[in-house]
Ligand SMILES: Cc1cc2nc3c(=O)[nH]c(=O)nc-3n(C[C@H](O)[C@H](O)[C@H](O)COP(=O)(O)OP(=O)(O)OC[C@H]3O[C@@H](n4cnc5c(N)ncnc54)[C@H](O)[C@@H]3O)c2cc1C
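The chain below stands alone and is given in structure tokens; this is the form predicted on its own.
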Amino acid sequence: MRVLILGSGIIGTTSAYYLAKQGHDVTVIDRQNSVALETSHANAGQLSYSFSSPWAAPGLPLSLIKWMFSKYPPLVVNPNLNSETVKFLYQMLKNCNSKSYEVNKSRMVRISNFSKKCLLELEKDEDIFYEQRKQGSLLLFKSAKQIENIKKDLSLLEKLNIQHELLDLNGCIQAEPGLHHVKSEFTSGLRFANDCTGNCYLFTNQLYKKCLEMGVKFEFNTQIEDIQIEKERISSIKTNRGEFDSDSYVVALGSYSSKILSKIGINIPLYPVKGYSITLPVLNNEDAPQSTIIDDTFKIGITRLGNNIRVAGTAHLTGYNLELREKSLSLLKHGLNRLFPYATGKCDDMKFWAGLRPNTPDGPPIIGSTPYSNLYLNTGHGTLGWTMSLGSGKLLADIISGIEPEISAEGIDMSRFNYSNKTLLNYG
């Protein structure tokens, strides 16, 4: 079967890999001149299998009010609200209850755990290097109240069989020795030993080369203009380089998926949440993070990637605006200096970046079929695209190939939003 994939980020590339592995004739198109040049380019670098959680949690509404008065708010809403932002916030707040949180988290953990299994299998099959480290992740707390809040989630972690360990201050330093300089900045932590780290951009490029060896064709500098429909099926994709036709089609365009899908009446609830990162070289290894640290106070992640440190954070609701925000830069610098003040050199070598995370209001991605019989989706992974990428690609490939998936796809496709599977006019 010929399969055309729209998008060559980590999700599109993993989808191409698994589809090609199952014997399909795969082509990938992208507007950029290579793979992983947008949201996959400089993300947090965390493979947070155990920490896969929806933003829509029971405590979020109260937190939103508190963050309005914070110097370094982890979530920022553009004051010039448009209807799409209001709609996304409303739908997300509707999921901020214990029942929805448990359902959504369990779905996300299901994909994340499968993704880790797929990564381990891929590493056995392929010689691939992506600055990977398998030393777990550490969620740091500063106040007793933070610990109390996380304890409410511990029973759910146990229910989902997520390995975790609550550490005191000395236990945190043992896990991450570089924290010994800042004992006053935290009191305890929650360690997830099964989490990993890795350079998503490097991984995607390594997998891209494997795809080429398998016969996958990549058409770069190709701007998608429209989707052509014929008898409730996709007939071709119109681009600035002509039309591309195929037997089946996959939309893996991240935050831009909703833009192209709306042209054919599929209005999935997907919002582009802007996130920021800085990347700096390591100055002193003994004073630097060895894996991933998540600062619960400021909601930022600090990750070791080879000889660099990646600091990522902020959820900025401002549509498709990719401008770099100085206040977010200040937050990331503050977060790094607060926990690892001696880890890096001068900020002259710092790289500041922003990307759009494709967030669904409930948390899980959207993977699977659509009302069009030959159109499939693999999008909406939010901050966890890197974490869920391999599992999502394998799940989608199995669905397209008619193979019984290794995990349940229940609650993962677009039908969970109560959309009809037959009406092709408007979903929302």
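In this text, all values refer to a predicted model and were calculated from it rather than measured experimentally. Numbering starts at 1 and follows the sequence shown.
Omitted from view is the form predicted in complex with this ligand, to which the following refers.
Partner contact for Phe186 in the model of the complex: this ligand, 4.5 angstroms, heavy atom: Flag for Phe186 set to no.
Tyr276 within 4.5 Å of this ligand in the model of the complex, heavy atoms: Yes - in the model of the complex, heavy atoms of Tyr276 and this ligand come within 4.5 Å of each other.
Heavy atom of Ala397 within 4.5 Å of this ligand in the model of the complex: Looking in the model of the complex, residue contacts with this ligand do not include Ala397, since no heavy atom lies within 4.5 Å.
is_contact(Asn170, this ligand) in the model of the complex, heavy atom dist at most 4.5 Å: Flag for Asn170 set to no.
Listed residue (Met108, Val250, Leu253, Leu139) with a non-hydrogen atom within 4.5 angstroms of this ligand in the model of the complex: Of Met108, Val250, Leu253, Leu139, the residue with a heavy atom within 4.5 Å of this ligand in the model of the complex is Leu253.
Selected contact from Ala44, Val26, Leu377, Leu390, since only one has a non-hydrogen atom within 4.5 angstroms of this ligand in the model of the complex: Here the answer is residue option Ala44.
Proximity to this ligand in the model of the complex (heavy atom, within 4.5 Å), stretch among 67-75, 118-126, 337-345, 217-225: Only one stretch qualifies here: 217-225.
Three-residue site Ile266, Ser369 and Tyr372 fully in contact with this ligand in the model of the complex at 4.5 Å by heavy atom: Checking in the model of the complex: none of Ile266, Ser369 and Tyr372 is within 4.5 Å of this ligand.
Any residue of 31-67 that, in the model of the complex, places a heavy atom within 4.5 Å of this ligand: If the 4.5 Å heavy-atom criterion is applied to this ligand in the model of the complex, 31-67 yields Arg31, Gln32, Glu38, Thr39, Ser40, Asn43, Ala44, Gly45, Gln46.
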